[in-house]
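Just the one chain here, the form predicted on its own, laid out as structure tokens.
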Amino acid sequence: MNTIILSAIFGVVMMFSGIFIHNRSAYKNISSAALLLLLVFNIFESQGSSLFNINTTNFLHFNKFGLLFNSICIFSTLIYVMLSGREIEKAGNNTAEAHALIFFVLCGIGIVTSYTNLLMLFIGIEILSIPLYILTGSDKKNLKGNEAALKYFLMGSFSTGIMLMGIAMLYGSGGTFMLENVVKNGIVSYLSALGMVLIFIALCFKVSAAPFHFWTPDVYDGAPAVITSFMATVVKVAGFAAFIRLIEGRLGSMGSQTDRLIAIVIILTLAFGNLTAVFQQSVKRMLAYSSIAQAGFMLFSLFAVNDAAKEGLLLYAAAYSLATIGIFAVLAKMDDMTLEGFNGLSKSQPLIAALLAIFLLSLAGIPLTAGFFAKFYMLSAVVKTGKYLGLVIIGVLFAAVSAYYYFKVIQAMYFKDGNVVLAPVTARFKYLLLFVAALIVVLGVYPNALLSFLYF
């Protein structure tokens, strides 16, 4: 509850601060301080100390998994704001409002990680999504960004309609919105099955899982790079927190039909994301398709839904978010976002090139990075189920494909010559990037540094 209420309060404070504070650089510091406070209070709540004792009438349930997921999202957002604060200023004319919208997104995340009622799922998803429609079109002079915002809004509206239809069908079948009671006596009627499938489709859209991923490349490519960084990381992994609660609740009662459905979506997502990313010349667009492929790996947690899957999802959320935020922080400072734009970066900025290499290796799942253990936990979770073991082989094969297009960027930085045009980089920016890379390596060597919080 701390995250939901405090993030809403901080969002309102940031919104009205634009009236009194005219130094745009100050918003980054205010936002960072508020995020740090939000993280501290969320950690306190995970230890049993909540500022707000509100009776949610079982609409929300706060457990260790959801609270730790909140901590990962808040911490990733803190790193994002500290690294990309200047780029947020440049993305539009209303910096205070942009920071306010980020806090409102975190409020939605606090709801989707703790809902037990389908209405709360809907409210959380909408609180999370609507600020993103605005942020996508924050650079009003960019026609590509305006097109991306309109496309995102229209597609998001359609997916919301599909979700509402699914919720209505579940209510019609079970007479309740409570997730644990929408299927009575373990009997799945045709109406409730169709309702759960519709909600599944709507959430597939939110996490850009195939075949509901077609909006992702255009929206991620059209939005300002600094906004894409937030959408592709914190927001995407929050969608999986909502997803896994749904699977744990009632969608799992469909048994083997659910397994087949999720397996098909995993294969399609891995195939579309990886194979299309191979042919991209724009690094920004390649990362958009890469995010689809990464979603395919996170879907393994929904197939297994066991302790290893939950641990893997937490580790994947941290590893993927930190690495991608680090890459986009550098990408936002580049004029040329194609592969050629990275040619010779190791000669002009050796430290940044080395840190980018660590981020890319983590996304590829190379050992000694957090991405390796994230993928390992996901695959081992499927092995523990003893079902559809062919999915593990498919996952390994597509992980090898992903290594190809990630290494193309490393090859451009270290083995090709060129003149990289990079905005001025401060020592503080480099230290922050170094800190993020160090976290990725620490989690790659000792993943329990994060996972131990789930049990203590």
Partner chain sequence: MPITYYIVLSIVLFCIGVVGVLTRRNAIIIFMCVELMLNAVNLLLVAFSKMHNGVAMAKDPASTVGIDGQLFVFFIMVVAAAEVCVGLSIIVMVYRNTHSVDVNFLNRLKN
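Numbering follows the first chain given and starts at 1. Predicted, not measured: the structure shown is a model, and the values here were computed from it.
What comes next is about the form predicted in complex with the partner chain, which does not appear here.
S.K.: Just to confirm, residue 87 within 4.5 Å of the partner chain in the predicted bound form by heavy atoms?
M.R.: Result no; residue 87 lies far from the partner chain in the predicted bound form.
S.K.: How about residue 319: is it within 4.5 Å of the partner chain in the predicted bound form, going by heavy atoms?
M.R.: The answer is no: residue 319 has no heavy atom within 4.5 Å of the partner chain.
S.K.: Is residue 118 one of the residues lying within 4.5 Å of the partner chain in the predicted bound form, judged by heavy atom distances?
M.R.: Flag for residue 118 set to yes.
S.K.: Taking the partner chain as it sits in the predicted bound form, is residue 336 in contact with it (heavy atom to heavy atom, 4.5 Å or less)?
M.R.: No, residue 336 stays farther than 4.5 Å from the partner chain in the predicted bound form.
S.K.: Of these, 150, 305, 246, 78, which has a heavy atom no more than 4.5 Å from the partner chain in the predicted bound form?
M.R.: That would be 150.
S.K.: The partner chain in the predicted bound form: within 4.5 Å of a heavy atom of each of 160, 177 and 222?
M.R.: Result yes, every residue of the spot touches the partner chain.
S.K.: Mind telling me which stretch in 323-331, 228-236, 69-77, 280-288 gets its heavy atoms within 4.5 Å of the partner chain in the predicted bound form?
M.R.: Comparing against the partner chain in the predicted bound form, the contact stretch is 280-288.
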